[in-house]
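Two forms of the same protein chain are encoded below as structure tokens; each is given separately, as structure 1 and structure 2.
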Structure 1
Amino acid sequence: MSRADGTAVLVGFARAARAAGVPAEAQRTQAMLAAVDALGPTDPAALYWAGRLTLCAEPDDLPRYDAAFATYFGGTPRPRPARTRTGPPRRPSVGFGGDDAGTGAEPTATLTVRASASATETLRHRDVSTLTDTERAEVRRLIALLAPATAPRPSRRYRPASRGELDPAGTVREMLRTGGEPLRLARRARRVRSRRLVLLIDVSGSMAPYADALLRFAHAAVRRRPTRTEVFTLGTRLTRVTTALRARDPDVALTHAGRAIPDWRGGTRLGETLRAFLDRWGQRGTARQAVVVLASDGWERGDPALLGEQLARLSRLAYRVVWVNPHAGRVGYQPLTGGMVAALPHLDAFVAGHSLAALTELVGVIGNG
């Protein structure tokens, strides 16, 4: 096989890997060619590692890569140790939202209704599951204007300030200018930073009427602070949708997120997915000292005791845990479902999230201390 042929085969493999969902774009492909070159006459194992080290970017890519490698080069896939947490490549084409935002049947973009103040006011308190298409479009527009963000906290870093404690390094720097005379004392104060905001949104069947509004709320939060916000969806499994939600346009972002969520409108195993979140992300630092918002109706199909246990863990890690339950907005609602009863002792706040007004209230709760 000539060198040019070899390159063509490798580039073909990179394309196959990309089709399987591995982020093998041009730069990574080039890196693979360089790696294969560096490893010299290749045996399959060296080829496998050269590709894996250069084409993959996260643990979820590894099984996809293995499958692509096996299909392209034939033979049996290399055995993966048992700790792989994800299944085969997933390319679901799940529709999204209560009314199939993907069909484009809706006049979202062209809507120029200037609702009167009183109409908006009524709309603000309407349950989002009971809206007409026009009303829903208006509510979506208003949700996009919400900018949930956490309150600032003092950080470890300092900034120069006109008052505050003495800054020894700054003062010495000033003294350099005056030949050693401390003419001006430099002072410093702590910088402020916002806490991380973590949104965990239940996308199971029972939450379907509200998931669209809640994900749009999450989108607004991600847009406000892209690097200090994390969004996950819960259902039968845990999915990180932060990156998908970074798209500027809410509809595009939600379509991306919808494609990423494999268990849309499935069942609920809150306790288990919450444990997956805590094991993979929370305990390692994502939930530490963060404001964690969990949006769910608490219809737990699994063991409520497990949910209680995991929430206790979460409440020890997080700065505040806020539970959003859309049903809490109904008149006469009592938190009696097994999941809710187990969760209540570990919450810092319990709010409704069923209407625009309730979501605005949630912005206040998130921003409070």
Structure 2
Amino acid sequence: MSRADGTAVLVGFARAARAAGVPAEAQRTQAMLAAVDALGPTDPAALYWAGRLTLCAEPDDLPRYDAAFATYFGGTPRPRPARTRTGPPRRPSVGFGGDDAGTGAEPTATLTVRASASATETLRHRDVSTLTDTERAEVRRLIALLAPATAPRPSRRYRPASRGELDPAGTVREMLRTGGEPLRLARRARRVRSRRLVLLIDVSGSMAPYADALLRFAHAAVRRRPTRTEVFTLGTRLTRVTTALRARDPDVALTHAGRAIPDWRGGTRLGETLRAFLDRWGQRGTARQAVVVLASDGWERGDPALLGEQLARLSRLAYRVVWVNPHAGRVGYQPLTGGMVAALPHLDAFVAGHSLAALTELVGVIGNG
């Protein structure tokens, strides 16, 4: 494997770790590449520790990193004992098996890491509707590692702080405790709170090949922030499945959701179901200043004009409206269906949702909101 291929594999792993909740931003990813370059890419244990020491910022990140490493590379290597090096340190390139890869058992382990990483990277870009049962099971495990969450925002409420603007009420309370003497000026800062995430998932017959993956994505979002995430399914009627998706196990959660959805693989009335959502939930606060993700292929049995009207209402309420269309990942796709033509003017983002890589991109779109 060339140096460029090895770097691509490592960058792909950093993306997977970031999707799992590890703060693997660009600066930490560069540090990981430099660490692997210094330690040598032929040892899986060195690769594991190079990533762990550079990508993780706090103890809570370690379980997420271990899970991401095990899924991406096919196992977490045991830490090897420290050893002293008598000669000058070698600095092989990040080639994953270059001229200085060595001999013996070490290249065998490296080949295993290479093959697993390459297979996982290929699988990330496969359309979920074309997967075999084994591949689908692997993708389901990878989706469970995703951590969809909106970006934090300052709330209207304040909290005591050591720095920040002057807190007049807090200062007066302190003066009452000290007999009227202003010994300390109280200060305050705004509390930080994440925006609400609302997922509206089309479960009609045309979306059947992708509904399982999208509902598992929704389960990962509910598990990440149970009190700030709402999930509804759209078909011929609106169904709230947030409670069903709060089960810890994804398979159990989807079983509960399947029992709650009466119109699974039925028709699609996006305009009517979206109006029902806005009248009952959105207008009352669920969609206000929230990031709303609507996953559908845009096939509308009703009037597309009604869908456009309801999306205009939604865009006025929500902070951002994101449309996920699995067909957008196909070469030559054009949003020509009546539903998509009516929806596009009211969207803040339009992304594909046909593969694990597309769902990972969706995590970034949600987090940037």
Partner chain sequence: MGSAFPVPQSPAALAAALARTGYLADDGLATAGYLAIRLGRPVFLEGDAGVGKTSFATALAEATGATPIRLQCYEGLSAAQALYDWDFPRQLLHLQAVRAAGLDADPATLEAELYDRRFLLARPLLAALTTSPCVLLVDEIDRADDEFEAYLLEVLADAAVTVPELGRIVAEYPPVTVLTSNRTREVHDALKRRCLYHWLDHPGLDREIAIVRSRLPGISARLAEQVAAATARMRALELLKPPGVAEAIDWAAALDTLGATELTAELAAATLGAVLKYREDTERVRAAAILDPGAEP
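Take the two forms, find the largest set of C-alpha atoms that superpose within 1.5 Å, and that set is the rigid core. Predicted model, so just to flag it, every value in this text is computed and none were measured. Residues are numbered by position in structure 1's sequence, first residue being 1.
Taken from the structure described as the form predicted alone is structure 2, whereas structure 1 is drawn from elsewhere. When two forms of a protein are overlaid on their rigid core, residues whose CA moves 2 Å or more are considered shifted, and R228 is not one of them between structures 1 and 2. Taking 2 Å as the criterion, P182 counts as shifted between structures 1 and 2: its C-alpha moves by at least this amount when the rigid core is aligned. Core-aligned CA deviation for D303 between structures 1 and 2: less than 2 Å. Core superposition places the Cα of P160 2.9 Å apart between structures 1 and 2.
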